[in-house]
Structures are given as structure tokens and as C-alpha cells.
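Presented below, as C-alpha cells, is a lone chain in the form predicted alone.
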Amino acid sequence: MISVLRLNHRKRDKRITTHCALTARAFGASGMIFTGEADPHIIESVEKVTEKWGGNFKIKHSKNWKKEIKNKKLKVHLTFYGERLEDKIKELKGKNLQVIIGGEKVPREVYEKADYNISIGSQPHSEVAALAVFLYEYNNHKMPENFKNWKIKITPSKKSKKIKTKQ
């Protein structure tokens, strides 16, 4: 089981934080906690997606990332300063993880508290991209397809939209 900890959300980051949560959900994480400024609209938006598209994804806000990082899960901080993803992914597969992604500058303490600092490339990039790449690798290049309690579902199609709905 994977949960995501999004550090230091700022009001101007509303879309990025929402995209982090949607990416986490779509790629199979069980939930996300974001710290920094509270924003109930992010929670409402992600909860609506989960209600409509299915799954058991949970999202919440916490005032204190230090409190949230003290869980018993293996802590994997995604960065571009860490060890190569390709060298460490086998060690992480199948384990209960807390994946940590930054917002503004990540405090040094996060690097120290993390069990793994994993490099997703060695160039500056988006935390959304880092999360997607990591989860895709973790899930053996597969996307989850069967979300429970869905109300709307897409069927892959070469040239048209195939949408299935249930009441």
C-alpha cells in the first residue's frame, strides 16, 4: 500500500497539489496528505473524482508534516538529488510506502528522515511527473484498471469515446 505526503502546499499551488492527488489516485496510491496551507477545495475536488470514477482514495490536510512523516511505513522521498530509481525500485516493490513529494523547497530534515531519497532523473522537473514515473515503475508498467464503486468508466477505443455509466 502506498500513501503520498505532499509537502508545503501554497495557495498558488492549488492545481499542482490537485494534480498530485489525481495522479496518486490514478496510479494506485491509497491516499494523500498535503501540508502547508489548508485548502478545502482541493479535498472536495479529489473526493468528487473518487466518488464518480471509483476507488477508495483518501485525501486530507495536515498542519504538520513532521507529525505525518512519523508513521511506520518505509519513507521514499522523490527528488532529483537521490539514488537512481533504476537501482532501487526492486528493493521497494511490494512494500508499504509513504512517498514524499515536495512543494516549495524541501527541508533538509526530510532528506535525513527518508529511508530512500530516490532520483527521478537528474534534472529539475514536476512533482506530478516524478510521482507518475515512480508509481508506474513500482506497478510494473501497469495502470490500475478496476476501481471499485465507479459511476463512470472509460473503455479504451482507437477513435471514439466509449464511456460506461452506472447509477
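All residue numbers are counted from 1 along the displayed sequence. This is a predicted model, so every value here is computed, not measured.
The form predicted together with a small molecule is left out here; the points below concern that form.
**Q** Please identify, from 50 to 58, 117 to 125, 22 to 30, 63 to 71, the stretch that has a heavy atom within 4.5 Å of the small molecule in the model of the complex.
**A** Going by heavy atoms within 4.5 Å, the stretch is 117 to 125.
**Q** Quick one: is G103 in contact with the small molecule in the model of the complex, heavy atoms, 4.5 Å cut-off?
**A** Result yes; G103 sits at the interface with the small molecule in the model of the complex.
**Q** Within a 4.5 Å heavy atom cut-off, is A130 in contact with the small molecule in the model of the complex?
**A** Because a heavy atom of A130 falls inside 4.5 Å of the small molecule in the model of the complex, the answer is yes.
**Q** Can you tell me if L78 lies within 4.5 angstroms of the small molecule in the model of the complex, counting non-hydrogen atoms only?
**A** It does: once the small molecule is placed as it appears in the model of the complex, L78 has a heavy atom within 4.5 Å of it.
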